[in-house]
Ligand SMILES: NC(=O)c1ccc[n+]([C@@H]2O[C@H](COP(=O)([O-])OP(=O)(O)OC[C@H]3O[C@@H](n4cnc5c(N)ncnc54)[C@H](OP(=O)(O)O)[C@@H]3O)[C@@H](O)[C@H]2O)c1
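Taking the form predicted on its own, here's one chain by itself in structure tokens.
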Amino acid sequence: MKIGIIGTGAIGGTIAKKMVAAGHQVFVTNSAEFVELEKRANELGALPSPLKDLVKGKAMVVLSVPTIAIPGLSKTLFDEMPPDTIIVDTSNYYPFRDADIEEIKNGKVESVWVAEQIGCPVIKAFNNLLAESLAFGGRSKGAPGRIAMAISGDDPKAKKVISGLIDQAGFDVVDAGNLESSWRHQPGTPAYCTELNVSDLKQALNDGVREVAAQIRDSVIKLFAERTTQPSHEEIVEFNRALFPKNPKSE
């Protein structure tokens, strides 16, 4: 499969590596000068591509940039994209980084907002795991303790394709519903960055409370910002789990 990835940071870069390892032809782009993009692509085993060419002829395009960068994408970027291309949104909205986006602050689901900005439907995936979990937490299918990833969207066929890629990356999949339901695996919910298996993630998705998610998200960021030392990956996961004692792994 030909896959284009916009953004080569912690999540986009890891997805690129995983997809290359699975045998896909991966093209990447970022905001750096092309010579720097070439270096980063080489590190990932991918092919560098100018942004304007990245969407052409691809079966899937992954948006892996901060939410604030979405409106900066050209409004005509996706005009030459094949009509059956799947677009995956991995973003998570954080006001301290992305500034105030009034529509999202007023309750619009983040990925619904993203789809409106780019003028194309999206599938929400690869967003509810920490970068280190995505990079090193994958296991073979059927392995005990395999971590599950949530996915949301309105196109069942597209979700089936992406679910296959997630499985290749080493994770199980839980379908969280339509795109409007993707708030269930955004920051501030029990499903976000808590490294749960399928049954536990299903419960976590059901236990999320939309009205308090943003408040929890911001309180977590505040607490981590007040620390004098960088928390370890394990500390972050344990902290996130402890926020939601109903999660089976929080007991």
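Keep in mind that what you see is a predicted model, and the values were worked out from it rather than measured. From 1 onward, residues are counted along the sequence shown.
The next section is about a form of this same protein that is not shown, the form predicted together with the ligand.
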property: is_contact(Gln186, the ligand) in the predicted bound form, heavy atom dist at most 4.5 Å; result: no
property: is_contact(Ser163, the ligand) in the predicted bound form, heavy atom dist at most 4.5 Å; result: no
property: In the predicted bound form, Asn197 touching the ligand (heavy atom, 4.5 Å); result: no
property: Partner proximity in the predicted bound form: Ser31 to the ligand, non-hydrogen atom cutoff 4.5 Å; result: yes
property: Residue (of Val220, Leu47, Ala214, Val65) lying close to the ligand in the predicted bound form, criterion heavy atoms within 4.5 Å; result: Val65
property: Per-stretch contact check against the ligand in the predicted bound form, the hit in 147-155, 124-132, 99-107, 164-172 (non-hydrogen atom, 4.5 angstroms); result: 124-132
property: Stretch 3-23: residues contacting the ligand in the predicted bound form, 4.5 Å heavy atom cut-off; result: Ile6, Gly7, Thr8, Gly9, Ala10, Ile11, Gly12
